[in-house]
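Next up: a single chain in C-alpha cells, the form predicted alone.
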C-alpha cells in the first residue's frame, strides 16, 4: 500500500479520525485493511475548505455539480464487500467524484481505472491523487454507464451512483469470478453485489437499502 505524505492531515486530531473508525466498527465494518486505510486517508482534502471541518462526520457532503462525497460508512461497506473474495488486481470505478473512494481503493488493489463524466470534478480529483502520491490510478473523462471496454476485463467494479437498472455493459466487463458492487433503483435503492459465474451467469445479492445520486449518461466539460 502507498504511504501518504500529507501535512494537512494534522488539521484534525487523530482522536477525531479514530472516533470515525470506531463508529464504522460499531456499524459492522470488520476488515482491518479497510479500516486502517480509512483512518489514514485525509478526507478533508477531498472537500472544499468551507466543509473541511465536517470531513470526519459519518455523512455525505456536497462537492458541487449536484454530486456528493459518499458517507464514510458506505465507502467502507462497498470496499469491504468488493474485497471480500480476495485480493483484486484490476478494478474499475464508475464515478470518480471527489476522488475519496478512489483513493481508498488505490491503497488496497493493484490498479484503479476511474471514470468520471464531469470534467471539473475529475481535474480536482487528479490533483489530489498527485498530492497524495497515488500513482496506480488511471482516469478517464467519459460516460460511466459504458464502463471502460478497452480495459476489460475487471476483477472488480465499484459504482458510486445509482442506475435504475444494472448496465449490461458493466456486467460484460467483469472477469469470471469478478464482483460488481452497485446501488440500483430510483426512489428506493438497493446496494447489490453481483458476481460473474463461469460462462454468462451472474449471482446477485441484495446487501442493504441506500441513497445515491443517480447514474446518468453524457459528459460535462
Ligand code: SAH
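Numbering follows the first chain given and starts at 1. All values derive from a computational prediction rather than experimental measurement.
Beyond what is shown, the protein has a form predicted in complex with this ligand; the following relates to that form.
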Listed residue (81, 118, 137, 108) with a non-hydrogen atom within 4.5 angstroms of this ligand in the predicted complex: 118
Which of 148 to 156, 191 to 199, 22 to 30, 60 to 68 lines the interface with this ligand in the predicted complex (heavy atom within 4.5 Å): 60 to 68
Contact label in the predicted complex: residue 210 to this ligand, heavy atom within 4.5 Å: no
Contact of residue 143 with this ligand in the predicted complex (heavy atom, 4.5 Å): yes
This ligand contact at residue 94 in the predicted complex, heavy atom, 4.5 Å: yes
4.5 angstroms heavy atom contact with this ligand in the predicted complex for residue 161: yes
Sequence-ordered list of residues in 24 to 51 near this ligand in the predicted complex, where near means a heavy atom within 4.5 Å: none
